[in-house]
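Given next, in structure tokens, is a single chain: the form predicted on its own.
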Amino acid sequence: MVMDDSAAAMETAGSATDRAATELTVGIVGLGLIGGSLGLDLRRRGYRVLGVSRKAVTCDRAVERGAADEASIELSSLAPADVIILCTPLNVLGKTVEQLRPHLNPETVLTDVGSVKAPIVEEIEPLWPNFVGGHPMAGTTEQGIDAALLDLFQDRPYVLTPTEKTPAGAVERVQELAIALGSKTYICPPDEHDRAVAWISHLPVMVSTSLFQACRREETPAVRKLAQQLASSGFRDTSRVGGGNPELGLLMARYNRDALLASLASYRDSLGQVISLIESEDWDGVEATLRQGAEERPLFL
């Protein structure tokens, strides 16, 4: 995995981005939290943004909030776009590209924001050669255009997953947009991306939601109610990602099944080791495990 974070590269790319912002039109399909936030940031940086949503009311709200210069329910409205960012659910990305194709210039660059890359790249690359798999790693548990935020992607990872077939110019163009957002850009193969996010994104979602399921098994209603009343920052931080959009969690599991299963199996083994230590009253072992966690946590943050 390669990160472009040198000062010289950022300065050069930043200058190129300033020039490109006055010339490029960016299309966004899907004006929810991510699509709306992209629109807010890109317009503020001088890009012309054309939005598409299934609902006219969302289009109107996107223009009202400043997330798009123009917005429509018709994909054909994106014909002038130089780059189109697909912010739809994973399971409709391929269908969306097929519907877009008749309206696009062959030079138009497509990219997406999905949290799984290998199956998406495999599906879309044959449909559109100028496709660059992308994953801006930012978000909240809120949904919809009214949840869109300025600077959502500032200092956050933005992963690009080109293949040997991906045109270098297409990668550069999407990377320019990511840098304009203030993101830290990473480039890696699609399968390595999926294995990495299985550990630090998809596994935590499943662990978090399993925590809720475990708490529900408390047999005494009064104790369960008390636990709900006493839950504070520790429980909030541990459970946050399990309280997000269920559709996104389902698609993570469906499209990144193998990598997620591998991470879940490893987590199950680790949890079993902790259970064994406590059952055997191996307090030194428990302390060593906790100490190791405290020491390694900064490596992931």
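Quantities reported herein were computed from a predicted structural model and do not represent experimental measurements. Residue indices: 1-based, along the sequence shown.
One more form of this protein exists, namely the form predicted together with a small molecule; it is left out here, but the text below deals with it.
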Report yes if any heavy atom of residue 173 sits within 4.5 Å of a heavy atom of the small molecule in the predicted bound form; otherwise report no.
no
Could you confirm whether residue 63 comes within 4.5 Å of the small molecule in the predicted bound form, counting heavy atoms only?
no
Looking in the predicted bound form, any heavy atom of residue 190 within 4.5 Å of the small molecule?
no
Is there a non-hydrogen atom of residue 253 within 4.5 angstroms of a non-hydrogen atom of the small molecule in the predicted bound form?
no
Even though the small molecule is not shown here, does it sit in the predicted bound form so that 55, 88 and 92 each have a heavy atom within 4.5 Å?
yes
Exactly one stretch in 227-235, 163-171, 139-147, 77-85 has heavy atoms within 4.5 Å of the small molecule in the predicted bound form; which is it?
139-147
The single option of 115, 111, 183, 108 touching the small molecule in the predicted bound form, heavy atom within 4.5 Å
115
Just one of 42, 50, 33, 260 has a heavy atom within 4.5 angstroms of the small molecule in the predicted bound form, so which one?
33
